[in-house]
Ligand code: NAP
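Below, in structure tokens: the form predicted on its own, a single chain.
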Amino acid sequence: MNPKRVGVLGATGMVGQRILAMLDNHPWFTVTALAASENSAGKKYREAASWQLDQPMPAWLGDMTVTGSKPDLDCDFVLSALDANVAGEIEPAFAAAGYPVISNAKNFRMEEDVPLVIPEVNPDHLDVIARQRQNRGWRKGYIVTNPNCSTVGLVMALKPLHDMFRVSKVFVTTMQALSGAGYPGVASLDILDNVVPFIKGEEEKIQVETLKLLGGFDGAQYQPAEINVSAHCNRVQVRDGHLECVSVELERQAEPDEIIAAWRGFRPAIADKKLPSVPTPAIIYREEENRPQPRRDRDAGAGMAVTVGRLRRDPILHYKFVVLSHNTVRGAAGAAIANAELLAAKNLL
């Protein structure tokens, strides 16, 4: 496969930085364009971006020139790390100009003709792209989205259970990392010695995105999964890694060892495509009674694996367990990159 040229929208922000770090030495993609706000346009990247990651800025990146977010970039497709308040206008402009747009923003996730995709969960949903182009009059371009950062880990853990036992009810309480709020994030006086039991829009995203991701697609329209989902979302004093306590009701009775075997034996339909950013295994089950933990487990699979633990019977529903995912890697930058890899493997870029 010849390397595809990628442009990054919102390149100076936290998700944009994470995308660029993950694209360093990527075997399939080469970064050829950086775009951000007009305040950053014309500057070298090192001047425009306040680098926040622990790892150093890639050597090739600092001298690249940032442009405005206009659809005249020298690239084959774009990865969008744009904030939702501008993505709704900019992303369709790029799609209309012929660019495939792989978006991390919330704006188009629930549109009937826009795929909301996790490669290991619902790759067939990409088939709606043809309909999207027809509906919107886009000859070559399109928009593909990845889910909210708190939805990804939950749905990855539910997928093997739903396939084997059919999930009917989900009750989830999240403990979400500070980095999920972007930079500079939550004010220190709000979060120190505290837990904030509200993240605007987060509970609603989990409750609707889960149904679209686990639902069916007949080639023309989506059929949401018939699952009742209830979510409580909290911001906690953790830098990276969303921890979620989940209770589920299953339609088919299952023993604990069957559930663990479903997670450990999960083999996604796209496994044979060997996407560079999709780890094997995608789901890790830990036996320890006090795992997973954000500090110890968030980097599993280079941050792209989901870690599950503490499976036990639930006296109200059937089973309960804990899920951990790296919110800025698996839940944001890496999710978009994995979707781009899936599109490349399907010859859609």
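Keep in mind the model is a prediction, meaning the values are calculated, not measured. Residue indices: 1-based, along the sequence shown.
A second form of this protein, the form predicted in complex with this ligand, is not displayed here; the remarks below concern that form.
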| task | Report the stretch among 247 to 255, 118 to 126, 174 to 182, 218 to 226 that approaches this ligand in the model of the complex to within 4.5 Å, counting heavy atoms only. | result | 174 to 182
| field | Single option in V155, I102, A105, V170 placed near this ligand in the model of the complex, where near means a heavy atom within 4.5 Å | value | A105
| query | With this ligand left out of view, which of D163, E203, E111, D83 would have a heavy atom within 4.5 Å of it in the model of the complex? | reply | D83
| field | T307: touches this ligand in the model of the complex, heavy atom cutoff 4.5 angstroms | value | no
| task | Classify T30 as contacting or not contacting this ligand in the model of the complex by the rule of any non-hydrogen atom within 4.5 angstroms, answering yes or no. | result | no
| said: Please tell me whether any heavy atom belonging to L20 falls inside 4.5 Å of a heavy atom of this ligand, as the geometry stands in the model of the complex. | reply: no
| If you check in the model of the complex, is A282 within 4.5 Å of this ligand, heavy atoms only? | no
| said: For the stretch 301 to 330, I need every residue with any heavy atom inside 4.5 Å of this ligand in the model of the complex, listed N to C. | reply: N327, T328
